[in-house]
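What follows is a single chain, given as structure tokens, in the form predicted alone.
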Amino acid sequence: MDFQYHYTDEQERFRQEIRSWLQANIPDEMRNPVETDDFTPEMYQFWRQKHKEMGVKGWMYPTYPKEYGGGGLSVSHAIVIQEEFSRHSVKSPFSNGLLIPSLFVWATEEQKQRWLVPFLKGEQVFWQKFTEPKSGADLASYQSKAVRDGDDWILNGSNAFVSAHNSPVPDWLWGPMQTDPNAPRHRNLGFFMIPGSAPGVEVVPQNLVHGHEQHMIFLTDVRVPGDHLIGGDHDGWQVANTTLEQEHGGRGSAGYSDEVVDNLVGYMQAKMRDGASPGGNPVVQQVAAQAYIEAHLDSLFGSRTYWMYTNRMEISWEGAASSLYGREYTMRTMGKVRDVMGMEALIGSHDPLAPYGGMQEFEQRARFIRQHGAGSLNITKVVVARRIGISRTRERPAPTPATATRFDA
């Protein structure tokens, strides 16, 4: 039985179009580096321009509607784009794409034109500000406050672990603020778009184990107009949960992608060609094979959820289960990398002897940090439990563009 996906002639022509453009437009010295701290200001300016050019082509967000700056392309086109971008080390968007579903579902048409269009075209940079220093992953206990002042809102508060995606400053911050301290949980928040250059906005880098990609945000008497509120002034929890539905795996992912595992298999094959398996122990081959199997299982989980999403099906526990498996398997994978590659797994990207540019060393740090994205693992388990009916409470999925709009987004 042939499990290999065979691309059509049209898909291969499309692939060649993308490949030719990337080869002509992306110099080797501008490819996305392994270590995030090696991403230079020159690279940032280069990729800001290239993202805009790719946005015009519809390659940045290929499956979203053209009328809002997307590509209007099919899922198969999106998979080809993803494969070629990965092959050519294209820098991923500087903006946090989790905002897109909330804008599609909750924003007015005027708000979509103001924020969604420049987002999908790569013209502006948007950062997500969710986590607070005191509440951590408990978004319902949000303390940062928004106080109405005429037609405006005055914002005060702070956030931690705000991902920058290699951009030095954002054009926009987005996330919830407490609008009514007397209202019950889940009905006391609003969801705001905040100019990154507004007076009173302070951005402070955090130096963590995987580099400087996280930031503290401080808001001090930041004034924003009333039309910067997405949804109603008590709907922030609902708007945020449309975002979280995707962050918890509710959109899935198309295609396979785990370069660390591919490198691990290549490392094994190279050692075998040299006449000896790593460590002289054939059991190590089984460790590498297990990593390969788990990586493809993760791909199947993500592909199933993506298929459900693109077919406009309500995704219950499937997305969170996929996210949970993915986060746990990636940590197991790094243990297998150390078992197979030994000390070579600990050589950093600046050492000329590092296999694969030191990717495996950087990923051990980065994947540890990613365990805390989208809330803790316990939160993911709670989401699964609530969706399958074994928790004290049950919940339905939040609305997404697949279930609440007419767009195949």
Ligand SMILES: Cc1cc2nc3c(=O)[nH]c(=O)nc-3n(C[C@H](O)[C@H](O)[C@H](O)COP(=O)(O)OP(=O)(O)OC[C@H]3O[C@@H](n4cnc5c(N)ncnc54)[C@H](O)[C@@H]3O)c2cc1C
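Throughout, we count residues from 1 along the sequence that is shown. Predicted model, so just to flag it, every value in this text is computed and none were measured.
The next section is about a form of this same protein that is not shown, the form predicted in complex with the ligand.
Q: Which one, Phe130, Trp106, Trp237, Tyr306, lies within 4.5 Å of the ligand in the predicted bound form by heavy atoms?
A: When the ligand is considered in the predicted bound form, the option within 4.5 Å is Phe130.
Q: Under a 4.5 angstroms heavy atom criterion, identify the one residue in Gly375, Gly358, Gly55, Pro65 near the ligand in the predicted bound form.
A: By the 4.5 Å heavy-atom cutoff, the listed residue in contact is Gly375.
Q: Given the stretches 25-33, 339-347, 45-53, 375-383, which is the single one in contact with the ligand in the predicted bound form, using a heavy atom cutoff of 4.5 Å?
A: Answer to the contact question: 375-383.
Q: With heavy atoms only and a cut-off of 4.5 Å, decide whether Ser299 touches the ligand in the predicted bound form.
A: Residue-level check for Ser299: no, no contact with the ligand.
Q: With a 4.5 Å heavy atom cut-off, would you call His210 a contact of the ligand in the predicted bound form?
A: It does: once the ligand is placed as it appears in the predicted bound form, His210 has a heavy atom within 4.5 Å of it.
Q: Please determine whether Gly136 contacts the ligand in the predicted bound form, using a 4.5 Å cut-off between heavy atoms.
A: Judged by the heavy-atom cut-off of 4.5 Å, Gly136 is in contact with the ligand in the predicted bound form.
Q: Is there a heavy atom of Asn96 no more than 4.5 Å from a heavy atom of the ligand in the predicted bound form?
A: Although the ligand is absent here, Asn96 would touch it in the predicted bound form, with heavy atoms inside 4.5 Å.
Q: Taking the ligand in the predicted bound form, which residues of 16-49 have any heavy atom within 4.5 Å of it?
A: Sequence-ordered list is empty.
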